[in-house]
Ligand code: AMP
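A lone chain, given as structure tokens: the form predicted alone.
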Amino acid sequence: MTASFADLIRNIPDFPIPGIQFKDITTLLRDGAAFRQAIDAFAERYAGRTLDAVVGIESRGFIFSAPLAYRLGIGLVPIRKPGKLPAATYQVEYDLEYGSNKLEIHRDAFTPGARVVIIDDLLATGGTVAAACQLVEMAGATIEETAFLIELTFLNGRERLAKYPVFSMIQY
């Protein structure tokens, strides 16, 4: 199954900057059967586990987190860019290859001790998801696992997430 997923992901050379090989998931998403299989695979992985919420990271993480939370019958908690959440938030600034970025989560996103899985489309260097993990813990939840459709293993993102279990369906 994952071989067919990999076959459906388009490689775009030199996007968004020269030297980057962008993994375009829109070609997988437009294939209804493959998209369903991806969500089903995540759902099977987490079925029967004691989870209170799926955490999705803006924006492509929302593509997988919403249907997964629905399938599992649990809540969805979004992690957003600054200024997008209406209530009181925690905010984390993190470094990117060129500059920095910020993410936020509602302060009341979880009941204390909630157990969550964090999901995003891609694990590269791990900076974004490490910031998301920090936010989730600031808001009082426990991270059961971080999950990704794609992992770029050569960028060593797992090392940055060493204290959390990491799952990825496709590795490059």
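For clarity, every value in this text was computed on a predicted model and none was experimentally measured. Residue positions are given as counts along the sequence shown, with the first one as 1.
Below, we turn to the form predicted together with adenosine monophosphate, even though it does not appear here.
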Which single stretch, out of 107 to 115, 47 to 55, 126 to 134, 28 to 36, brings residue heavy atoms within 4.5 Å of adenosine monophosphate in the predicted bound form? 126 to 134
How about L122 - does it come within 4.5 Å of adenosine monophosphate in the predicted bound form, if we only consider non-hydrogen atoms? yes
Is the gap between T153 and adenosine monophosphate in the predicted bound form 4.5 Å or less for some heavy atom pair? no
Where, within 6 to 36, is there a heavy atom within 4.5 Å of adenosine monophosphate in the predicted bound form? Residue list please. I20, Q21, F22, K23
